[in-house]
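The chain that follows stands alone, in the form predicted on its own, written as structure tokens.
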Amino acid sequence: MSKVIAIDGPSGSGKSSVSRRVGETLGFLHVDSGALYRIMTWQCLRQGIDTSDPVAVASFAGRVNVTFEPRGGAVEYLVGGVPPGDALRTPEINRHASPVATVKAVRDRVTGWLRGMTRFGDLIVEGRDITTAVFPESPARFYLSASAEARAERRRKEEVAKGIACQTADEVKASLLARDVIDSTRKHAPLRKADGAIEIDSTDMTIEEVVSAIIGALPDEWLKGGAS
């Protein structure tokens, strides 16, 4: 049976960077669940679906087709045989992703995709409802947190590095805080720290320190036996 490390947390808490490092260290495939919601959003916008209309989004969700391939230490997503790449990381997608992600039909579709990925082997899956809704039975569940200032700075640096920065630091922070409210108050699978999950505040920690904390908290038999 595949092992699953589940990691939740708000935007900018370090989920992606940490998950990739842990995956590389242990040989687990990295799975970015947030990218699937961005794909849904991207496809809605491309097809002219009103993202503020949950009925329209729900109806459209079943028509979005994504294929999956293990590649380079991660599960890669393909739409029409092509990876979306940085098309998913624009401010426009950021603005529309939250309302799309609140729609139950969207969350159900993405949850099904994620659970099906266990066929590829051991996974480290990051998102906002992985520990509570997608893999609640995993013995390795973590919640990453950080101050709003630290998260905004991280997100700003990511945007600059990708050449898509078009927001000030204050605008990035405001966007993150607005997303926090939507994610934590939505009706279906809200962002929260799951009972029994280990919380790690990464505000003043390096990526390496967070990675070490996660690996050190994994079940002993996982480390002794290695990835399956």
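Keep in mind the model is a prediction, meaning the values are calculated, not measured. Each residue number is its position in the shown sequence, starting from 1.
One more form of this protein should be noted, the form predicted together with ligand DC, which is absent from this view; the next part is about it.
At the 4.5 Å threshold, heavy atoms of F28 stay clear of ligand DC in the predicted complex, well away from it. Contact between G34 and ligand DC in the predicted complex is found at the 4.5 Å heavy atom cutoff. Shown alone here, R89 lies within 4.5 Å of ligand DC in the predicted complex, counting heavy atoms only. Heavy atoms of S98 reach within 4.5 Å of ligand DC in the predicted complex, making it an interface residue. Contact with ligand DC, judged by heavy atoms within 4.5 Å in the predicted complex, is confined among 176-184, 193-201, 47-55, 60-68 to 176-184. Residues G127, R128, D129, I130 are the ones in 116-142 with at least one heavy atom within 4.5 Å of ligand DC in the predicted complex, listed in sequence order.
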